[in-house]
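Taking the form predicted alone, here's one chain by itself in structure tokens.
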Amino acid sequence: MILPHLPALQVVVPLLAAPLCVVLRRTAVAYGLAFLASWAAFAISVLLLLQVLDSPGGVISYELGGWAPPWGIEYRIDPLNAYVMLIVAAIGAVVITYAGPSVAREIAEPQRYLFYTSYLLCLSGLLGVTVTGDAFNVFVFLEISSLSSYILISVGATPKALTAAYRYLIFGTIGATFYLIGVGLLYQMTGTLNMADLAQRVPPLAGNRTILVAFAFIAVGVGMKAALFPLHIWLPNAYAYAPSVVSAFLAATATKVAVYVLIRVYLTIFGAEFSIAGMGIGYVFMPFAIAAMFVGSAVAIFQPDVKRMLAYSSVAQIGYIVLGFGIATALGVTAGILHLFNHALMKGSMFLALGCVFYRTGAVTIESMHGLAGRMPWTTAAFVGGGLGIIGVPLTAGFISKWYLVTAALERGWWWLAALILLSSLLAIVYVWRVVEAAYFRPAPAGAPAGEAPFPMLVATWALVAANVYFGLDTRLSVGVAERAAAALMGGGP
């Protein structure tokens, strides 16, 4: 039977497909393998989520090699990582559907099979982070995804892509080192790396200095990986100079998985009582989250390059996700997890729309988008659809998660925080409107190229736009799973 082995297959399928791309060395074959592996991973993620939701305890445990945890490595899936796994696998499947024409346009033929190899490794690493129940394995899978990300970014069309990849490498290495030191200190004090076992052994050691140092090291390390303000310096150039496919994929998945690690470590390993009541982690992260919301959006307003604008917008949106965690209630954590899911849909659709623009025009500056609505109406409408979600307009997924954030703030009696959430959302109107104004109200330059991008690119882009609207109307899955995950994390059961 295959079903009992789905947790292992979630990682193994893309991980085995990657070296096959190198062995076969043909672009068409490599793309076919990447396509099949990505959609297989999505199908597996759906099955795993259904299994978790139907499981009496809300947890699936898979013992690698038949070694019982904590002695052996365990893949442990609960509502939280099943939820994150679903959005990562879904984005991976949509992006690979989009990738064929875009990669052919932006990446030289000799590098394309290597591109798909790196893409599969990155996807495998991100899925591995979500599925593993071992703290050291999180580091291993983070590095698999990070190393492949550096390659994916570096194949961008301009030399600046190499600089961006190198900066990301430096920050990523520092972040991974800090995380690894923290995990090493935890192992020194507890003798285990299994997350469920750590969750039992760490809280009784709450006053130990080594545990407190581990707590701090992990915060800095994962904060760098998640691009939490002010540790976000690597992110704008990485998104701006990477190929279009890479920008969309990383913007929708990489930082979300890092935030998942942050939530998993502090609310599972250290526990909600120690992290929130004992260490006041909510009050630590909240100022940085609020600063990210305003600084990221404010800087985005003045960017002439739209990819760079969306990169700074991502810094702001990561602030919203972490803010839910900082509110430190079940409703706040629900809002943060929900925005993690919704932002992947919104920002993914906007970066894919920009990839369509680049395919046809060769540029993504505000100036190059003058008159774009008349030349590429479907692409422009898709970008606006994603932008409405970022603003938080009703009937979009972004409205739902911001509503939950505002409600969580008011539940704590923090009306001032609710006002800041609404005020920062107004800044998003400004930078989205700059593109709308250029596309709809400025004349197209003479001789500007016209025509939509190839059909697969449009279909993939609109799939995420449609999902953005769907989850703004029907929240049974998105909100339901987020609430169940938050209740388990905060000690309220599965």
Partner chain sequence: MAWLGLYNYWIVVFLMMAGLYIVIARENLIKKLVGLNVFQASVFILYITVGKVDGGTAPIIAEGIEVYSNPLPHVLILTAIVVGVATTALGLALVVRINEAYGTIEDDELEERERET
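On a predicted model such as this, the values are computed, not experimentally measured, just so you know. Positions refer to the first chain, counted from 1.
Unshown form predicted in complex with the partner chain; subsequent notes refer to it.
Interface residue remark: residue 159 is counted as part of the site for the partner chain in the predicted bound form, having a heavy atom within 4.5 Å. Contact annotation for residue 193: at least one heavy atom lies within 4.5 Å of the partner chain in the predicted bound form. When the partner chain is considered in the predicted bound form, residue 305 lies well away from it, no heavy atom lying within 4.5 Å. Contact check for residue 184: a non-hydrogen atom falls within 4.5 Å of the partner chain in the predicted bound form.
Against the partner chain in the predicted bound form, the set 25, 39 and 42 makes no contact: no member has a heavy atom within 4.5 Å.
Heavy atoms within 4.5 Å of the partner chain in the predicted bound form map, among the stretches 363 to 371, 144 to 152, 295 to 303, 79 to 87, onto 144 to 152 alone. None of 200, 97, 173, 407 but one reaches within 4.5 angstroms of the partner chain in the predicted bound form through a heavy atom, and that residue is 173.
Interface residue among 138, 165, 328, 265 relative to the partner chain in the predicted bound form, by the heavy atom within 4.5 Å criterion: 165.
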